[in-house]
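First, one chain by itself: the form predicted on its own, in structure tokens.
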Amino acid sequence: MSEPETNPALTDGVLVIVERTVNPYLVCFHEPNGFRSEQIRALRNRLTVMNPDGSARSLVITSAIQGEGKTATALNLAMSMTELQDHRILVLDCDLRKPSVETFLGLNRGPGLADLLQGSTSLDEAIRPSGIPGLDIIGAGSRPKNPSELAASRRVDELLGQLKEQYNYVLLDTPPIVPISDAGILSAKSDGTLVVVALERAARRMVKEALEQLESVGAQLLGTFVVGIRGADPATDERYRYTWDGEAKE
């Protein structure tokens, strides 16, 4: 009989994350030395080169429509950023309708963004360890009746200001752009926006519409990150391999 699934737990005050509860698309957790993780690091490096003085700290990760991989991209990118020296990262789940950050990490749902914006919890209570060193999260929290109004509130600006003082980067996982207005609102409040595009998922016209919406609200568009490329799996192609020669030394 197989062991039951378990969630991360506090052991002697330390959060222990159980590997099989973490979403398999989080390649930087499951395959930190793999080809796909290196592609995430390449994205991280491009973003940090675009931000040499570190002044841009809030980054929206979104997509044209649902199901394109924005949450996986946000969390993988966050994990890769924790590898930078002395970097602390926070992922903020801004999808108040269909939150998924806690689910991807195998965490139970707790107080989060909606509760913060409605004044029913404190920032210290909302910030949670992810189980990955250097990475904290704030979940979506309780389900509000007015998510778009909360996203547009001045409290969001105040919250981002506080978080940017505590963390090197704050990554906002937002709803998709085309069906929901929240992503455009939050992009206008943030320092930059990255759009995840899944090939054969969103039609070209939808991606174009999403980019036009972001432009119309004055968002700082940093670029697109394309996922779902079909063809041979690069991870199985020996030409892409570049492994350690000998043993690593302390």
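All values reported here derive from a predicted model rather than from experimental measurement. One-based numbering along the sequence shown.
Form predicted together with a small molecule: not shown, discussed below.
With the partner removed from view, which of 131-139, 161-169, 118-126, 71-79 is the stretch that lies within 4.5 Å of the small molecule in the predicted complex, judged by heavy atom distances?
Only one stretch passes the 4.5 Å heavy-atom test: 71-79.
Would you check, heavy atoms only and a 4.5 Å threshold, whether Asn23 touches the small molecule in the predicted complex?
Yes, Asn23 sits close enough to the small molecule in the predicted complex that at least one of its heavy atoms falls within 4.5 Å.
Is the gap between Gln66 and the small molecule in the predicted complex 4.5 Å or less for some heavy atom pair?
Yes, contact at 4.5 Å.
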